[in-house]
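Provided below as structure tokens are two forms of one protein chain, presented individually as structure 1 and structure 2.
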Structure 1
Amino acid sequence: MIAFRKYYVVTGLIVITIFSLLSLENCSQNEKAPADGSEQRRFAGSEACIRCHRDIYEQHLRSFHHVTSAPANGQTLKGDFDSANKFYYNDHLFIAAEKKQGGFYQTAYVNDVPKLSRPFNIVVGSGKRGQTSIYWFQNYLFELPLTYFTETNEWTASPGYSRKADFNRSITSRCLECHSTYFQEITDKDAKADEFSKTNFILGVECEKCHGPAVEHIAFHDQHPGEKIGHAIFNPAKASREQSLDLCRLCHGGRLSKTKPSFSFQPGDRLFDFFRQDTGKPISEMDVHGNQYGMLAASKCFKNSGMTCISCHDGHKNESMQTVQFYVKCETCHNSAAHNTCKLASTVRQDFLRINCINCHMPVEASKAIMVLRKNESIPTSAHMRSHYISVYKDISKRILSEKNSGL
């Protein structure tokens, strides 16, 4: 037991040392040309849309896309900074989330002596399930070792961090490609990790991530105020099924290995011009986290219809807590006119079927990919997500039906 503890302390110290070594290298701060040819890409910013699309803009501010990355501050940070602010890796090493000198920090303490402190600079994740934070060091971004985990309302070890108080995990451009609108990458050829411009980035998944850079669109409509048809802008609802799906799949399609620099893909593009075509895993190996596309695409609904993500989702609204209402979307295809209603329709009341439609056919499952290590636990705890594999789940259905009967 004691031997284990020592091992943990030593690991913590080693990690901190490695960090300091890396800090001495790569001191060049010169900004270089972006790798993805994006100098020509001109973003207007979401505020520029307010003038002509105020309602959508206001909906978007309440969406999870908008807050999925933001500057770290008193408004955006989740988690306790006062009393329940420590996470113990072992008896000798803990990390504390601290507010000091007007800023927010994570500090590693070894035998109660502060050893290393790094700021919260940017939050990643809305906090619906959790929030991980990252910090700048020169042109690099690194992940902080503690993550706020919403299900249990506490600080935990960041996903994938088991026994190491690691301040040295670099953030890749692919992480930012999914959680922000744009980061200018300025990686040096021999750099050990991706480097970013500290001035040229846009946090949040903003309007132009899904519609493409809009400077030209705005200029056109300023010059043609009577024009009722949108010009020089991508609308997923009017694109092909593949184009519409590829946009969502860029971030909701699981792990993809890129063949072009991150941030090259633009709305309307085909995904596999930028990523290696994946071989397709069996459904049992897909995770409910981050791969809504893969799971949906394995469903009969998807295979036998022209379904896209926006058959059920609105591009702008925050639909959280409206789970029950989704049955309306199912009934656009599954209705008595089409003769493909639920097999239970003859034996179970319609209102009961509607209220539980999603719970029976798209149940919530534990993720194997988003798992965090909680205090005093050796096995990580999962976040829970809705399965997009629409199917018949016999056991879950039985349970839901029996709950109904026991309640009567």
Structure 2
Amino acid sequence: MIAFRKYYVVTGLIVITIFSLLSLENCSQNEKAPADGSEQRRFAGSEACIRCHRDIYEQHLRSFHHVTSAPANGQTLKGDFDSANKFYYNDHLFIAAEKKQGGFYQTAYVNDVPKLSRPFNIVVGSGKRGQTSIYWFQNYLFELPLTYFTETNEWTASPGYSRKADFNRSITSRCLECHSTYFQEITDKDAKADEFSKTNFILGVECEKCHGPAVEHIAFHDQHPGEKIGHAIFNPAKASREQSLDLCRLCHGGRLSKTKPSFSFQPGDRLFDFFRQDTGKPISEMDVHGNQYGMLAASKCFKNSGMTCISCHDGHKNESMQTVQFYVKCETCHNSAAHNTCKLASTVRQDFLRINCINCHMPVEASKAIMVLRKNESIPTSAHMRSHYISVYKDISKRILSEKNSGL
């Protein structure tokens, strides 16, 4: 009797899963008219910056900003599409990441029979920690259920997914606001989710995301080639502290509730003219993912100085693993003249300090927000990211010193 009941439970789950997978097929097929592109004409595109800023442009192509979203293809996608390409939800259901028909797809199989297949259209994420991908259906964008997780080099359930093969999670304009330069929203008043133009968008966080639309700037300097002061362009290095921080806080300031449409905010604007200002969370409730500003703002270094994000970061460059470079930035304030050097300076070698300054004071921690479900596991696995709460972490410092002394 127990075996008999188990058979019906499993069969019922399979039927429910198939119904969920196929439900998207019942959506209306009405297609919106193509957008006229009038808003996009304000943007010149990053390639237009090459003439005067070639070095910066070429550095930017290697930055994580540039690759935070891109067309999904053989050059941008990571992960195995041939052998280790399946994620099993149970004995009867799995999704495979596949290359077929000249493209890349995620396909749901029930009892080894393909039931639903959706393409990789846009890849989101540099791949440093992982990549999630999204696909077009009519004018909607949906997240694919599998994510490539770099730390374990495997396909996992996307963050926030349970053991359910779900192709129906819609992408919002606020999500795209942080992972792209621009998307034109064309949402109908009766739409169930945000709708977007398929032709009027700019992937990646490109030059104009941080400097503003550049058509007027380029036209002016074409007519005035001798002019050295940038016209109709925003330069974060010359902005006020609030303007500089608000620009970064747009995407690195945690969850923000918008009061105006996404992509309304422009470089130089006041952030809370476009978003609702919250009371802030205590540091214990902040996550290392997405709220770098909140963690930094809680730090003594931030409170006791005029520092901004660009005091330490060059947004044009790939700064991954550049721990010594950040040590040099710390030295501008923490030096013998200011009498606030590291307490370990007299007991360890200088090269050890240079390598481990931010490892001790800005350690890598597990995220509670970015967690993926791996095959055959019931507890999600965290992605690891560097904390921007600058502080003294005694236990971490002791561990790093212990590893040094033990030769690890």
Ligand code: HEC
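Rigid core: the largest C-alpha set superposing within 1.5 Å between the two forms. Numbering runs along the sequence of structure 1, starting at 1. The structure displayed is predicted, hence computed values, not measured ones.
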Block containing the form predicted on its own is structure 2
After fitting the core, residue 48 CA displacement of 2 Å or more between structure 1 and structure 2:
no
Can you give the C-alpha shift of residue 344 between structure 1 and structure 2 in Å, rounded to one decimal, after superposing the rigid core?
3.1
